[in-house]
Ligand code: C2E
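This document opens with one chain alone, in structure tokens, the form predicted on its own.
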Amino acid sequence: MPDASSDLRSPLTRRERLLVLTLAALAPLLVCVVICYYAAERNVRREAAIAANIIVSEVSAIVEVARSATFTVVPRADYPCEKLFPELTVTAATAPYVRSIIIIAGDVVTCSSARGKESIPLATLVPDIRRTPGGEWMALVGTTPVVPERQALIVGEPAAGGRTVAAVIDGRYLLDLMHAAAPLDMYRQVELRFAASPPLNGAELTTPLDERSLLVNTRKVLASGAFELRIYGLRERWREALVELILRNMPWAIALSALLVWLVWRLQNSRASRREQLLRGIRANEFHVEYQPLYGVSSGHCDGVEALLRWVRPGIGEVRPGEFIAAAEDEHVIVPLTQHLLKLIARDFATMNVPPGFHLSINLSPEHLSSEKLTDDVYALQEAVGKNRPQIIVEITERTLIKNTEQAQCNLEALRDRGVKVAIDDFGTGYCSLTYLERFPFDFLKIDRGFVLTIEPGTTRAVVLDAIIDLALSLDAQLVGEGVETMAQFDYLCARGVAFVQGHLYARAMTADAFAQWYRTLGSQPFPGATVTSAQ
């Protein structure tokens, strides 16, 4: 029989484990960078929106102040300039943000708070307006006669006699406001547009603006007209925001990365540890076999046993079979573990005194059943226990799907040719019952204890259980009732043609030495209380 370690395959190679650890380490870092990337863009846009709200609110307030200044002059706008000039001067001097107040008659500026009587064509001052509009209006101009080197915003209010009172706002106020709320070291350009007038901005650009860098485009409608604010972003500012967010959040990402790497490493080591624990248990002979007696209804005494593998770890205690068998299947150690089981059975049977034909049931895993080594392993067991000449029965469970059904079918047929019989274990509890009946040769059907537990005192019919019994009998298969715990269950099964019974009612699983002693004293004797039932 091959060494246990020869059939083992590592779930992950060293390179694969390193790759998994690398991915675990990089994943939080990459996620952090991606989140920071989008957060930086969102933060830059949010900052720009806040700045835009401030600018729009303040520009609106400045325009309203200018309108209020014109309202004080509107009732007397048709007065001669000599009479009106002192009032214009006082109003311009006391109104915040206002550089001067002017009177426009038709298409000519006739009076100014700065220079008194004027006669300047309106087109010279506001190129886009030949005549004053009929209502309120405002326009951004590039120059004024008093301060030709600075832009100005003119807010006009209609007055009596076809005249217009206009307040001139120095563009420097607006530029200072824009640069205070949205400094050019944070934004590439901030533009304020009034109607079709040239934009008000604080710097001449050497390269054209990229519309993709437009962060905010806000339009505000006032009584005097509408204006539009545009803020263009700096790529450098976005990079600064990105770096700031990364520096702030990367320590947490690194901590999460370290934690994830540790968890993955622990998981990998845990899986490797489970594998190594199983192998070490095999090498240290920590496993032993317990034998569950099988009661023969026709003979009235013990006709066989089911071999059950048990694991007792030094210093820890017994490991539940469901745990270590599932681990062995997951870690692909189930075949060498079953091979070890067969060796232990051969050793135990050498000391047992059982009659020829004594049933010896062994559970096989789907992986072993589909292995090309199965027949050699079972043949080796036949030779080892040859002097006792037991009837070997291999049990296949339907709880787990058999992948290579063709190989499994060939193995079972070859074993039956050598006198080995086949039992389908836990029948009716899985998802491939009928498929197993069609594909695999079998001699016994073992009724799962879940169906047996439906039998209660006074039960005359258990629909599903009776259907399984009828099916087995129609297929000429012998039935084995598992998990029998009460005489009511025992009598019900025996009365319906079940050939064998096993469970705590008859006997619990026991070690080889305990079974040998039990069999000598009780096993070969009739089962108390079963005489009447057996006769039936």
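All residue numbers refer to positions in the sequence shown, first residue = 1. The term rigid core refers to the most C-alpha atoms you can superpose between the two forms while keeping them within 1.5 Å. If you're wondering where the values come from, they're calculated on a predicted model, not measured in any experiment.
Below: the form predicted together with the named molecule, not depicted.
Peer 1: Within 4.5 Å, heavy atoms only, one stretch in 52-60, 463-471, 501-509, 34-42 touches the named molecule in the predicted complex. Which?
Peer 2: Stretch 501-509 is the one.
Peer 1: So which of 449, 343, 421, 163 gets a non-hydrogen atom within 4.5 Å of the named molecule in the predicted complex?
Peer 2: Contact check passes for 449.
Peer 1: Within 4.5 Å, heavy atoms only, which of 354, 308, 253, 384 is in contact with the named molecule in the predicted complex?
Peer 2: When the named molecule is considered in the predicted complex, the option within 4.5 Å is 308.
Peer 1: Counting heavy atoms only and using a 4.5 Å cut-off, do 292, 322 and 364 all touch the named molecule in the predicted complex?
Peer 2: Yes, because 292, 322 and 364 each have a heavy atom that approaches the named molecule to within 4.5 Å in the predicted complex.
Peer 1: When the contact criterion is heavy atoms within 4.5 Å, does residue 482 count as touching the named molecule in the predicted complex?
Peer 2: Contact check for residue 482: yes, within 4.5 Å of the named molecule in the predicted complex.
Peer 1: So in the predicted complex, does any heavy atom of residue 395 sit within 4.5 Å of the named molecule?
Peer 2: Because a heavy atom of residue 395 falls inside 4.5 Å of the named molecule in the predicted complex, the answer is yes.
Peer 1: Whether residue 286 contacts the named molecule in the predicted complex should be assessed with a 4.5 Å heavy atom distance threshold; does it?
Peer 2: Heavy-atom contact with the named molecule at 4.5 Å: absent for residue 286.
Peer 1: Indicate whether residue 157 is a 4.5 Å heavy atom neighbour of the named molecule in the predicted complex.
Peer 2: Because no heavy atom of residue 157 falls inside 4.5 Å of the named molecule in the predicted complex, the answer is no.
Peer 1: Would you give me the residues of 48-79 that have any heavy atom within 4.5 Å of the named molecule in the predicted complex, in order from first to last?
Peer 2: Counting only heavy atoms within 4.5 Å of the named molecule in the predicted complex, no residue of 48-79 makes contact.
Peer 1: Comparing between this form and the one not shown on the rigid core, is the C-alpha shift at residue 28 2 Å or larger?
Peer 2: It does not, since the residue 28 C-alpha is displaced less than 2 Å between this form and the one not shown after the core fit.
Peer 1: So, superposing on the core, is the move of residue 162 at the CA at least 2 angstroms between this form and the one not shown?
Peer 2: After core superposition, the C-alpha of residue 162 moves less than 2 Å between this form and the one not shown.
Peer 1: Any chance the CA of residue 375 moves 2 angstroms or more between this form and the one not shown, core superposed?
Peer 2: Result for residue 375: no, shift under 2 Å.
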